[in-house]
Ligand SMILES: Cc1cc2nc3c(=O)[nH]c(=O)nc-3n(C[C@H](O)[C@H](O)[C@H](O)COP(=O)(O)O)c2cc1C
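So this first bit is one chain, no partners, the form predicted alone, shown in structure tokens.
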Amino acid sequence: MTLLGAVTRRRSYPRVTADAPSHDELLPLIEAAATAPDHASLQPWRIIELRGDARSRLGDALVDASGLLGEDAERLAAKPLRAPLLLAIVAVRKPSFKVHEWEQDAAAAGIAHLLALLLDDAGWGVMWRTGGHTRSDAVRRMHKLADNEELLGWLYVGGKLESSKPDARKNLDVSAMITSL
């Protein structure tokens, strides 16, 4: 399959099985994703693996950030349990007179996007998730982020369900999104 075909067929998988790639299986995919454009080769990103109890701790941090109680809190706490592996995508902002923070964030987002494509190509179901509490103090503490780091979101990763159809892709009129000067 061509790269165009792989990108075109990629879909988000909101529901996945309990299977997940191992740490060692992730390494070559992350290495390939690290070829994303990176102004001045700052490598302004890192990835945090959340498996097992770490996902529950994230759920607790989300609840703490939300202030929700009862059933609403339970539903929010369960969200990180939707996939066996969450990959937190962290922008690591480094001092640079030439590369602004937003460019470093864009480089980290590029890693996340390529990694999602590579995971999909390797047969894994993937969905990039964010939310209103992504940058809350409780979630920052749970991820042990440094002052120069920002969480961009999580790739939820698991096995593709045979019975689950990924989100349908709407056809876009991209010609309306391209302009010339």
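Source: prediction; values computed, not measured. In this text, residue numbers run from 1 along the sequence as written.
In what follows, reference is made to the form predicted in complex with the named molecule, a form of this protein that is not presented.
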Listed residue (43, 56, 130, 148) with a non-hydrogen atom within 4.5 angstroms of the named molecule in the predicted complex: 130
Listed range touching the named molecule, judged in the predicted complex by heavy atoms within 4.5 Å, from 122-130, 60-68, 27-35, 136-144: 122-130
Proximity of residue 169 to the named molecule in the predicted complex, heavy atoms at 4.5 Å: yes
Proximity of residue 10 to the named molecule in the predicted complex, heavy atoms at 4.5 Å: yes
In the predicted complex, residues of 84-116 near the named molecule [heavy atom within 4.5 Å]: 113
